[in-house]
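What follows is one chain in structure tokens, specifically the form predicted alone.
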Amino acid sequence: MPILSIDFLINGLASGAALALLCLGLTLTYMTTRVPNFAHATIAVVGAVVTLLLLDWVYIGLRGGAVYYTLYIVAPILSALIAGLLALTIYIAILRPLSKKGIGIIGLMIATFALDIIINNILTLILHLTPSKYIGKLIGASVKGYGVLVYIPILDVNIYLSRLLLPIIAVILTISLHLYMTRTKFGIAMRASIENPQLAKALGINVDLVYAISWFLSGSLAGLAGSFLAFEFPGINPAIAYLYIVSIFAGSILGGLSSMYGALAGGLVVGVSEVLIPVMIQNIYYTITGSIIDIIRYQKFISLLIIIIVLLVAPQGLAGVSWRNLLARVVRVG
């Protein structure tokens, strides 16, 4: 039976960080185009598939060596690039033409849902046709490189390198996106396009270009997250995207869908909650009854519950909460 320990908490934080990267991407496109992208999780799976197939190919073709380990840097970058181009293609080829024809947000949302199913089935077909010798050599705990155990003397635990890198990468990318949108010329143009697209066009800002870049960045974030999540999957199954999209929307809604830092916080909270709360419930149940239930498979119930609670209590999410007033109330009560 799982117990709450330091390494378990770190693993939960890593899961939350991976989810935060996905929430960042979804929040970015929603902020700019107001389209809830239901294909976002499948785009992340594309990044995972690219990473695993690339590493498997090199593992079989080159039999390891220095080139093999350098691909642990190349693979995430290539996965982010391919996933970003896929998201950009979705926007340019499908969503932008539909939008120009007057299709509303609901119609565009349904289009992303349809694209999600199409892309997922294409991935499934590709993996089905790929010779089995190219698949599965580096999946899960057996993976090299990111999967190597790192010993942390202070905590006296062994943690996979990928799980240590994810929180650091999530924080760095969140800060970078915030600085990009607040300190660069194009970032300011992006914010102007978000606030008032018509006025931005009148001022000479290429709003279509802003939207296209936001979709590319969103897809790249998904591909990067998928590249790291590839080492956590027990096997390559594109259908896992249908489970992840629930968590992504939960984290994004909790974050407020209007803030990079909100997306980071929402993703971390939902990701950690999905790991820790089921274990806590399972341990309580075991203490009371002396038997074990497989409650881990009901993790997405936590995400769905978070969505309902946030929409009922704080529809604007964490980004819409007046923390200064809330702190003042707590101080007065104290």
Partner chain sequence: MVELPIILMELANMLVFIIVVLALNLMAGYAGIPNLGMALFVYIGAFAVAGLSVRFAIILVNILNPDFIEMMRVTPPYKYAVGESSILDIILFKVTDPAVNRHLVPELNSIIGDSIPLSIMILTFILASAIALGATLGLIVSFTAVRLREDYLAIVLLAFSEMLVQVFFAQVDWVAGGRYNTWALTPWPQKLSQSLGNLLPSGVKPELFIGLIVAIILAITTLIYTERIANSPMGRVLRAMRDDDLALTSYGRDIAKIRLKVMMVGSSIAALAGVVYVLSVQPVVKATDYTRVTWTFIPWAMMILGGIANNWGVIIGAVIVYIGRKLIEILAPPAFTTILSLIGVEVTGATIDIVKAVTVNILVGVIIILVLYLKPEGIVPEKPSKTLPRKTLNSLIEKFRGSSS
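Everything numeric here is computed off the predicted structure, so don't read it as measured data. Residue numbers count along the first chain shown, from 1.
Same protein, other form: the form predicted together with its partner chain, not shown, and the subject of what follows.
- Heavy atoms within 4.5 Å of its partner chain in the predicted bound form map, among the stretches 93-101, 75-83, 215-223, 156-164, onto 93-101 alone.
- Remark: residue 237 does not count among the residues lining its partner chain in the predicted bound form, judged by a heavy atom distance of 4.5 Å or less.
- Although the partner is absent here, residue 57 lies well away from its partner chain in the predicted bound form, with no heavy atom inside 4.5 Å.
- At a distance threshold of 4.5 angstroms between non-hydrogen atoms, residue 121 is in contact with its partner chain in the predicted bound form.
- When its partner chain is considered in the predicted bound form, residue 298 lines it closely, a heavy atom lying within 4.5 Å.
- Shown without its partner, the chain has 97, 98, 101, 103, 105, 106, 107, 109, 110 in segment 95-110 as residues with a non-hydrogen atom within 4.5 angstroms of its partner chain in the predicted bound form.
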